[in-house]
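Presented as structure tokens, the chain that follows is alone, the form predicted alone.
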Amino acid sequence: MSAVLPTQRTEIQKSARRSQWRTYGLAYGMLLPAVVIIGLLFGGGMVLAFLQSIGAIGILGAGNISLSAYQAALSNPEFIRSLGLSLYIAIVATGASTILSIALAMALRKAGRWASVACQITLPIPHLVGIAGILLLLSPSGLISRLFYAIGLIQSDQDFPLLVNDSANVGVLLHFLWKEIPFMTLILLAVLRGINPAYEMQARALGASPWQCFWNVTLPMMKSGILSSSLIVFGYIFSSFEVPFLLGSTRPRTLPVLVYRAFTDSDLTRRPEAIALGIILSILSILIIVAYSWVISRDRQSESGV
């Protein structure tokens, strides 16, 4: 076999780099129309909202440019409580969904195609339909309360624990679990079925217990799928409006509900503060996505040894 000369090696490397750049260019070129539309709609809206929040333009007149709306929003004690509640719901719902989805995906790993189909049943159901179902089941006058009354477990609907519009947001969490567990399980099933079973067979042949095989072999190979799906779920739950608005606590409210309440306030002088709250919510959501993406990127780099 003839040796490759340094000049030939350099040409091969240049050709590989050109091919790589062409691939990147084609991929980003195909994404460009969607990026432009999103940039114009979302970016344009953000710029307009920012100009209104600082008083550059607005329904009450323009010209008094200041950051007082942001100071008022950040110094509002209700903002901190709402932010804490939004993080609490997003962290608990995402964490529970992740753990239960991993367990369910492992249990359904060897099931037939019906398992994937079953996980898709709840996906097309609108959230408002799920909210109506939670209210019919868990409200003080709901089906479960009536059932408990009929069998004598409670003497009136007042004895039934408050599970909707409660301070712990139990109804909100149950709704998100009902909706997000099938979604995450569907993704993790696809990841599991793409893993070469030879790795786990080799670990078991070397004496690893089922738990050791799962913890040291299967789970690390599922990590990218877990992080990606949990990022989607966390970002959605953190910025969700309709579920905490209809099922959540009234005091404090989640951050999206607080933004809505401030924006629909009859006092128009609060409008810049409401817009500032909306921009802060958007920035927090973007920062969370960037942080998650950074974790995923670092994980992939460590796996590839770059």
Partner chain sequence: MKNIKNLLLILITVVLFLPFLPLLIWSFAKGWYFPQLIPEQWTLQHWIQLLLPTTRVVEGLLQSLAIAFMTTLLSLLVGLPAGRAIGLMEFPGKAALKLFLLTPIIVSPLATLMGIQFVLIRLGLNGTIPGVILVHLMPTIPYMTLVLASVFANFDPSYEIQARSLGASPMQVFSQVTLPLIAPGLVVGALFAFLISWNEFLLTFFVGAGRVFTLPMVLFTLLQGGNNGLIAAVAITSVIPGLLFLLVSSKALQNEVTLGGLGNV
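On a predicted model such as this, the values are computed, not experimentally measured, just so you know. Positions refer to the first chain, counted from 1. Whichever C-alpha set is largest while still superposing within 1.5 Å between the two forms counts as the rigid core.
Just so you know, the form predicted in complex with the partner chain exists too; it's not on screen, but the next bit is about it.
State the residue from A90, I134, L163, A73 whose non-hydrogen atoms include one within 4.5 Å of the partner chain in the predicted complex.
Selected residue: I134.
Select from the listed residues I80, L219, A150, M201 the one whose heavy atoms reach within 4.5 Å of the partner chain in the predicted complex.
None of the others qualify; the residue that does is A150.
Verify the contact flag for A16: yes if a non-hydrogen atom of it lies within 4.5 Å of a non-hydrogen atom of the partner chain in the predicted complex, no if not.
Contact check for A16: no, nothing within 4.5 Å of the partner chain in the predicted complex.
4.5 angstroms heavy atom contact with the partner chain in the predicted complex for L231
Taking the distances in the predicted complex, the answer for L231 is yes, it comes within 4.5 Å of the partner chain.
So, I12 and the partner chain: in the predicted complex, are they within 4.5 Å at any heavy atom pair?
Looking in the predicted complex, residue contacts with the partner chain do not include I12, since no heavy atom lies within 4.5 Å.
When the contact criterion is heavy atoms within 4.5 Å, does L108 count as touching the partner chain in the predicted complex?
Yes - in the predicted complex, heavy atoms of L108 and the partner chain come within 4.5 Å of each other.
Which of these stretches, 99-107, 165-173, 80-88, 203-211, has heavy atoms within 4.5 Å of the partner chain in the predicted complex?
Single hit among the candidates: 99-107.
Check for me: heavy atom within 4.5 Å of the partner chain in the predicted complex, for each of F42, I57 and S116, yes or no.
Yes, all three are in contact.
Using a 4.5 Å cut-off on heavy atoms, what residues in 123-146 are near the partner chain in the predicted complex?
Stretch hits, in order: L123, P124, I125, P126, H127, L128, V129, I131, A132, G133, I134, L135, L136, L137, P140, S141, L143, S145, R146.
Taking the rigid core as the frame, does P33 move its C-alpha by 2 Å or more between this form and the one not shown?
It does not, since the P33 C-alpha is displaced less than 2 Å between this form and the one not shown after the core fit.
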